[in-house]
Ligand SMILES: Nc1ncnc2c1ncn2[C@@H]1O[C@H](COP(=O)(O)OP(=O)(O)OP(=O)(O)O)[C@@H](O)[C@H]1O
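Before any questions on how it binds or moves, here is one chain, the form predicted alone, in structure tokens.
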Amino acid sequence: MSSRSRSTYQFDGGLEQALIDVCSVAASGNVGGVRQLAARVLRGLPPEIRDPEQFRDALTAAFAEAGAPTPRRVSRPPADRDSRIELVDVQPPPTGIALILPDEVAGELQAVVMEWSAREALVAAGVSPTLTLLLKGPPGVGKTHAARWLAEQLDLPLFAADLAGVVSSYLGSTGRNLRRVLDFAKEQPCVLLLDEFDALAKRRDDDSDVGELKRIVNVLLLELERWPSDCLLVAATNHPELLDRAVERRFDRIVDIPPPGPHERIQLFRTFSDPIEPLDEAVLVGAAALTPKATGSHIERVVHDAARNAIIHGKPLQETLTAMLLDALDPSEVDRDAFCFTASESLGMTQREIAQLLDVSHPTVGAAIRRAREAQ
């Protein structure tokens, strides 16, 4: 068997899979990864284990003898009692996540990672790293993506709460579900994502559901105050104005994520198009100029729509993408001078084509291009 590689050895999962995973992670020197795999094994023991309790005790003792933190015995994700919907989507540490945000915002998230890398020193000094993080911003700007990036950087699994399951129409069920989600997340080191956080932490002066609302907010206030030091809680909201002010003040760090600027839009178009068909730099610049109000999720959707069109009709991606963006252009939303310059320099459009697109005169386009060039 020693001559067989992992790619050719056939196994059915269970204990064999667990052993291969543990050896692979251990060989890389990733102690935290071994602990996470051990916790996964404890959560769902392979059927080959004859005495589960004795095996759990032996595994715990092995970590203790090595002087390493003991893996926690993690239960299955909780489910709503009525709908039976699982309340948490458990994902392994993500990989390959690109962080495309303005420098100031990216710096805030990088600071969280740096704090966690120095966690032991901080705790020894009587302070803790950021344990609770609130992300605010319009839909599609990358709040969930940022949480996934943090999970990758911290090498922690991502626990994403399913708000459709947590929020219940039955009296008292929402608060109970929320408590079960939080308790489950605290069973092992993780990044817990509470998306659409305003659905849980609404202002308590909302008269529509005062009793239940107060209970939920009180649970959140208590948990944010005593959140464990080996878990990162990330809450995300599109509507920060709806949040209860007391809850908002409890977060260690609050980060506003704005819509992407021109530089970020270029990066986003490149990120989504490169795996399909790399685009010329001029086309990337032009695409960013044609989408002044686009978010990351919108850009991803546009690129994929253009890719489908390109494949079906046998055309280059940059041709179909540019055509789609020009067809959808709203001239009232763009900076006319900047657009005329970009359309001429990056997209190779003639001044007459630009004038027709914007419904202006040919001399107007020429003047706009000159002003934009002088402003460079």
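From 1 onward, residues are counted along the sequence shown. In this text, all values refer to a predicted model and were calculated from it rather than measured experimentally.
Form predicted in complex with the named molecule: not shown, discussed below.
For the chain shown alone, P92 is not a contact residue for the named molecule in the predicted complex, no non-hydrogen atom being within 4.5 angstroms.
Contact check for P139: a heavy atom falls within 4.5 Å of the named molecule in the predicted complex.
Remark: A98 counts among the residues lining the named molecule in the predicted complex, judged by a heavy atom distance of 4.5 Å or less. Contact check for E277: no non-hydrogen atom falls within 4.5 Å of the named molecule in the predicted complex. Checked against the named molecule in the predicted complex, the candidates C190, L150, A287, L268 yield a single residue with a heavy atom inside 4.5 Å, and that residue is L268.
The partner is absent here, but in the predicted complex a heavy atom of E300, alone among E300, D155, D252, E223, sits within 4.5 Å of the named molecule. Within 4.5 Å of the named molecule in the predicted complex, a heavy atom is found for none of P77, F159 and R180.
Heavy atoms within 4.5 Å of the named molecule in the predicted complex are found in exactly one of 290 to 298, 117 to 125, 277 to 285, 214 to 222, that being 290 to 298.
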